[in-house]
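First, one chain by itself in structure tokens, the form predicted on its own.
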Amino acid sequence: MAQSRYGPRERMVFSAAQLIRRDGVAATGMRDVAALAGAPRGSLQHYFPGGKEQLVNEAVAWAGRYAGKRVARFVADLDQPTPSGLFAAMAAQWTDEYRVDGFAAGCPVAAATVDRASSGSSTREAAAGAFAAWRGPVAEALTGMGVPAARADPLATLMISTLEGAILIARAERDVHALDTAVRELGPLLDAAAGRS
């Protein structure tokens, strides 16, 4: 997201997602969000009358939509789309980031889930909605690759949960080994579901 192309509200949602993925919800302050977005602090109350919870929920929803939109781009970039190729592309986004920028950031949806799911139903619902906004396009892509419709959603759930777990392990170990392992081990199962073993 090119910060200059968007208004202050959109920049604050994006900035909140970036801070949450790096620092978690508790450590992400409203002033930090405004500063990163280059927006006046007074605009926070104007755009987010529900305060930090509203901003966090909108950042989580944005992250889910962003992940969902990336699926089509990953598929378009594959010479011959396969379920294993899609999962490898999803994981490569993270291995590439970690190799270049280090292991400081993770998924903002996962961070919000860990930090806030037990304290407020609205954030839990926002996280569940974000995962659904990601899972739907993955399942649709799988169906387009020949995976039976009845298996597409469960496999999309498996792909996302495996990826999220591998991201956590990679950050803990400061190594992309878990992501590489997930791609190598899950790929054949995914392709078998599409009759491409």
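This one's a predicted model, so the numbers in the text were calculated from it and none came from an experiment. Each residue number is its position in the shown sequence, starting from 1.
Absent from the display: the form predicted together with another copy of the chain. The rest refers to it.
Next on the checklist: Only one of these stretches, 47-55, 34-42, 63-71, 148-156, has heavy atoms within 4.5 Å of another copy of the chain in the predicted complex; which one is it?
Outcome noted: The contacting stretch here is 148-156.
Checklist entry - Should residue 23 be classed as touching another copy of the chain in the predicted complex when contacts are defined as heavy atoms within 4.5 Å? => result So residue 23 counts as contacting another copy of the chain.
Checklist entry - Heavy atoms within 4.5 Å of another copy of the chain in the predicted complex: does residue 29 have any? => result Residue 29 lies outside the contact set for another copy of the chain.
Checklist entry - Given that the partner is absent here, does residue 162 sit within 4.5 Å of another copy of the chain in the predicted complex, heavy atoms only? => result Answer yes; at least one heavy atom of residue 162 falls within 4.5 Å of another copy of the chain in the predicted complex.
Checklist entry - Could you tell me if residue 90 has a non-hydrogen atom within 4.5 Å of another copy of the chain in the predicted complex? => result Taking the distances in the predicted complex, the answer for residue 90 is no, it never comes within 4.5 Å of another copy of the chain.
Checklist entry - Non-hydrogen atoms within 4.5 angstroms of another copy of the chain in the predicted complex: do 76, 99 and 138 all have one? => result No: none of 76, 99 and 138 comes within 4.5 Å of another copy of the chain in the predicted complex.
Item to check | Heavy atom contacts to another copy of the chain in the predicted complex at 4.5 Å, residues of 126-143 in sequence order | outcome: Going through 126-143 in order - heavy atoms within 4.5 Å of another copy of the chain in the predicted complex - the hits are 127, 128, 131, 135.
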